[in-house]
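Given as structure tokens, the chain that follows is alone and in the form predicted on its own.
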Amino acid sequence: MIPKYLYKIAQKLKDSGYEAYLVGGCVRDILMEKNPQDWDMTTDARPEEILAVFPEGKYENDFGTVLLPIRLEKKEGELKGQLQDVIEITTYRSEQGYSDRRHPDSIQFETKLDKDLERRDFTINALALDLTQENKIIDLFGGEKDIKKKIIRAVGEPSDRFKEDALRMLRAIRLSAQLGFKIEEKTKRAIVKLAGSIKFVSKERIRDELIKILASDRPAEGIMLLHDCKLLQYIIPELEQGVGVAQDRHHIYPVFKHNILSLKHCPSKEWPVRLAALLHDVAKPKTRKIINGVATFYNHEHLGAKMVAKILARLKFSAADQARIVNLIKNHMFYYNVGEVSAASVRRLIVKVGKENLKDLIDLRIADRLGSGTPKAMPYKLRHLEYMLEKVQNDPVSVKMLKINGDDIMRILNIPPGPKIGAILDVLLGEVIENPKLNVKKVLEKRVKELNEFDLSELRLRAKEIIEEKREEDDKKIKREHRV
């Protein structure tokens, strides 16, 4: 489990008169019989002394961490020079003052391992392993016992650890979701007490921890821990507005619980789809109205898409992730009833959400159903939709799939480039979506000449009538079925 090169590094440091230990999460993972993702080593050697032992290392920070590149042994079938790793070797250190609740005001290099271990966040991470003494474990704070008991406990006084670095509160919850550990009560109380200090942490760091929670094996439990520990109100307050908001008809749970259960039952392992499941009904509290004694949530998917766009931008998610998640939420109420929905409407759905997003959309619908307390995750109508998607997957759903292009139109009409060409293509696409048999070059060439009789505004209106009005019909069907 432990690579041979780590033993060589540790032995080389020891032969040079220094101590060297594996430390932190990698030691925890070894004890839990997991494969560590990163390897960290600590030593009493100062950075310049580490570089004297390993001249190929790089030291470009103020934290005593030397980056040592490692050339890994090439495996069969892999390109030469492709395999490389970087090991962090850090001098023992203690930290003083955390005026910004995130970074130490000063760092002091130490000569003893215990000084380095006592500055760490949780007991399960305050472990060291001596590679030069048959993998001897150094455990000064009961980390091994806490691993066996599946407990996350702060090193020393929890409040002190969280005042030093407020991000540690999120890390405790993330580790709980990843490892399936419980947070020790005193540690949990300190998180609740200091939850407001999460505002001192950058949005990027919060986002990264949130993604790790969503990507874990227990994402719903992680989000509920954020709620119970009073952190969620500072991260996604919009989500907590659904607490206690009752629903009718298809839902037996209040909005907040439904969102959590939708996340829990989401079949996708991809965190963006899971986040869409968590936030898909975030706008319901704002759209709730009682009509004839029944709770309705008209247009909650559209308002929700706008709200989620703001949430994701606030948390500094990438533009690509924002677009993907917002698209799913905006379209999660798509209408599909066997016998009522035509192949053309399925093609319009593909145009609307993108072929690459269809599986995610179905996974979101399954999550929504199970989160509502519905027993059947994959009813016949969704299975039939998958069949229809397979059936129409090669039908034209974009201008690029037409048997004619802009150059052809300019040649046929003998006109220069301009907006009229795009408008004609939009009309052709709308007609072909309704009837794929029209996607024949000779038929389209004839239709181009006919459409040339219309001016630009008329063409744009015609394209809108073909596509948008059909979508509006689908939206009306959604509202009739779901009263939303």
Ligand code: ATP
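Don't overthink the numbering: it's just position in the shown sequence, from 1. Note that this is a predicted model, so its numbers are computed, not measured.
Just so you know, the form predicted together with this ligand exists too; it's not on screen, but the next bit is about it.
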Query raised in the report: Does at least one non-hydrogen atom of residue 171 fall within 4.5 angstroms of this ligand in the predicted bound form?
Result: yes
Query raised in the report: Can residue 165 be called a contact residue for this ligand in the predicted bound form at 4.5 Å between heavy atoms?
Result: yes
Query raised in the report: Do residue 38 and this ligand come within 4.5 Å of each other in the predicted bound form, heavy atoms counted?
Result: yes
Query raised in the report: With a 4.5 Å heavy atom cut-off, would you call residue 119 a contact of this ligand in the predicted bound form?
Result: yes
Query raised in the report: Quick one: which of 51 to 59, 447 to 455, 25 to 33, 430 to 438 gets within 4.5 Å of this ligand in the predicted bound form, going by heavy atoms?
Result: 25 to 33
Query - Single option in 212, 384, 257, 265 placed near this ligand in the predicted bound form, where near means a heavy atom within 4.5 Å - result: 212
Report task. Please pick, from 125, 372, 159, 197, the one residue with any non-hydrogen atom lying within 4.5 angstroms of this ligand in the predicted bound form. Result -> 125
